[in-house]
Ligand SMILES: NC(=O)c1ccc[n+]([C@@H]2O[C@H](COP(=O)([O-])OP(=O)(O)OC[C@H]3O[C@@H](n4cnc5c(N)ncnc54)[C@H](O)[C@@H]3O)[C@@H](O)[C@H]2O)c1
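Read the single chain below, which is given as structure tokens and is the form predicted alone.
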């Protein structure tokens, strides 16, 4: 296996305390690599013996430079604003995603780091349009068409990373080789950003409907597949692999398109809850998300609530978009292993989740009434908007 060819070297992972960064660090450590986890806070899990944690911020160039002593590869996975209310903090999103990427590139150039693997997103080409089996020949979505600032800034950052490929390293150490991986939605046991939010909605009685075409298809990627892809990409940036990945981007997924809501059905039902039977038009849900974002804009400084959905999340979950991994297979040797939600379900149950009792009927009746009331209010405001747009 290519993963076993890794020599004793030192790598740095930005965003090392995050779910993916931590798992990548542990996998590299098991392969005999010296690993530095770089982040603003320590990982929630215990850092394995031999793995070094360094506190630092990608927004601070000097922090990164101090961490890059004798480092041969940087995995830049730090980002901000992927989902929920984080998507609405435009200033911080810009600072972390764009300025942070610029700092990482500059630090690599100054410190003579030869390889940089960037964790991007498939959203650099997606903005709500239908994409079936897309590949890396697709152009970037025009920046002004992105419905969220996260995707826009990730697109800018990826461009900067790939443009830096071949740039001269200081101290006479050759040139910088860069590549970008574009993962689908990440899942796995212990994931702390998206899945807990979904489970919280389920347990709070808020998961009352699905939306969009029931035949719409999206993709996911298990964290272990994404870890494997990053290790393979770092190897493919080396001279003994003819730097085949240098300047390239790659879509990474489990390889099997699936309806977003059907993907999560086993999780819902295994935790003891009913899967929703109400299906709403995606335009209606998008309008609801728009209203929610406007309310957050008005009151967010006073009460920074978690939006039920953002407009981008509506598109990402309800509109068909999936991509081919053939380029990653051909050039990196990537082969997606098959996973399901079984281990995720087991993890949530081990954390005490799951409906142990039928619950208080009055509580669930109250939630149903609140949902119906909200539905009526949004419907009443939605119809005039639709009529106006049609005129």
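Positions refer to the first chain, counted from 1. In this text, all values refer to a predicted model and were calculated from it rather than measured experimentally.
One more form of this protein, predicted in complex with this ligand, exists but is not displayed; see below.
Peer 1: Quick one: which of 74-82, 277-285, 231-239, 207-215 gets within 4.5 Å of this ligand in the predicted bound form, going by heavy atoms?
Peer 2: Of the options given, it is 74-82.
Peer 1: For this chain shown on its own, do 132, 247 and 257 all sit within 4.5 Å of this ligand in the predicted bound form, going by heavy atoms?
Peer 2: Heavy-atom distance to this ligand in the predicted bound form: none of the three under 4.5 Å.
Peer 1: Is the gap between residue 125 and this ligand in the predicted bound form 4.5 Å or less for some heavy atom pair?
Peer 2: Answer no; every heavy atom of residue 125 is more than 4.5 Å from this ligand in the predicted bound form.
Peer 1: Applying a 4.5 Å heavy atom distance criterion, does residue 31 contact this ligand in the predicted bound form?
Peer 2: Contact with this ligand, no.
Peer 1: Heavy atom to heavy atom, is residue 35 within 4.5 Å of this ligand in the predicted bound form?
Peer 2: Output for residue 35 is no: heavy atoms all beyond 4.5 Å of this ligand.
Peer 1: Please run the contact check for residue 312 against this ligand in the predicted bound form: heavy atoms, 4.5 angstroms, yes or no?
Peer 2: Taking the distances in the predicted bound form, the answer for residue 312 is no, it never comes within 4.5 Å of this ligand.
Peer 1: Going by heavy atom distances of 4.5 angstroms or less, which of 52, 59, 327, 353 would be at the interface with this ligand in the predicted bound form?
Peer 2: Partner contact (heavy atom, 4.5 Å) among the options: 59.
Peer 1: Could you work out which of 121, 317, 253, 103 is the residue within 4.5 angstroms of this ligand in the predicted bound form, going by heavy atoms?
Peer 2: Going through each option in turn, the one that passes is 121.
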